[in-house]
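In the block that follows, a single chain appears as structure tokens, in the form predicted on its own.
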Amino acid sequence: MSDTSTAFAPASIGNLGVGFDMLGLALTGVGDRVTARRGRDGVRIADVFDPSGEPHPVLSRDPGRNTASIAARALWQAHGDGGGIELEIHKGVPLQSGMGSSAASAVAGAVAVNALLEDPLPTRDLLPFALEGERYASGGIHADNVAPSLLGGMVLCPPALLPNAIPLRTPEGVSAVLVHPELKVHTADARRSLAESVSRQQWIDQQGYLAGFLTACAYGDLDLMRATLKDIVIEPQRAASVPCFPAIRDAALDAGALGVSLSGSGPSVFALVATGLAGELALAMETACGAQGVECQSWVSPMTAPGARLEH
């Protein structure tokens, strides 16, 4: 057993447009780090740092109000050997960004603490503990950010099947482009604002799009992917909270995107595209966002991005 460990967990795209609360994709290039050290009593947070390495101005050091410590505490209480844990959290994912910020912290916390156990659990068995952190942040149990952050790649994780999460095949030569406008959307508030029901026709159509999209990914059928990467239920309800979304979407489609939608509850916007066009697409999306008077940053990621890992 080690006395200290550090884990990295990547950001993620929740819903992937077509699969609300059921589908997610890991991203490369951005994520959270959590260092866990053996301590005396319970689980506590020593420090929380922002992406520049300064003390975080917003996130709490109260272990009952931080997703990393909530996940870590759930795991330690179930499998720890007494004593306590002290956490140091380094945020890399912007808050309220639609990039799975709370999920990345929860996953990194669980993975770091798991390494301190006498008998560490298999990675996939950490999902229920990470979900406890996500429950706090969003007010419900859904794994579309937690599962890809933990396992990597594209993951199917319907609430009805949890704690099972199913890694899926993805087509070769397709990348994800994500643009994060400098706006914030609070996930729990965004979920509460959604309609409680949809029409039968919307339900049938959205099911068809999800089935078609998963089939397109499995068979590498990009024409079918272009026809099915659609969200006719959730996106229309959330688009108004991201005023620059229509311009970014239109620019992405004009630049060759296979499909475009909000990442999670927004404000981030993602597109899937043939890898050779990804750089050009990112520039087009950034330019459209800037033209709306909103600063942004972007990432390009393969659909096979790795999940959480131990760094030491």
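Please read these numbers as outputs of a predicted model, since none were measured by experiment. Don't overthink the numbering: it's just position in the shown sequence, from 1.
Same protein, other form: the form predicted together with another copy of the chain, not shown, and the subject of what follows.
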Quiz item: Would Gln77 sit within 4.5 Å of another copy of the chain in the model of the complex, counting heavy atoms only?
Solution: no
Quiz item: Would Ile85 sit within 4.5 Å of another copy of the chain in the model of the complex, counting heavy atoms only?
Solution: no
Exercise. Could you confirm whether Asp125 comes within 4.5 Å of another copy of the chain in the model of the complex, counting heavy atoms only?
Key: no
Practice problem: Would you check, heavy atoms only and a 4.5 Å threshold, whether Pro159 touches another copy of the chain in the model of the complex? | Solution: yes
Exercise. Select from the listed residues Pro120, Pro171, Pro167, Pro163 the one whose heavy atoms reach within 4.5 Å of another copy of the chain in the model of the complex.
Key: Pro167
Quiz item: Ok, Leu116, Leu214, Val93, Ala137: which has a heavy atom sitting within 4.5 Å of another copy of the chain in the model of the complex?
Solution: Leu214
Quiz item: Which of 173 to 181, 214 to 222, 105 to 113, 77 to 85 has heavy atoms within 4.5 Å of another copy of the chain in the model of the complex?
Solution: 214 to 222
Quiz prompt | Members of 226 to 245 lying within 4.5 angstroms of another copy of the chain, judged by heavy atom, in the model of the complex | solution = Ala227, Thr228, Val233, Ile234
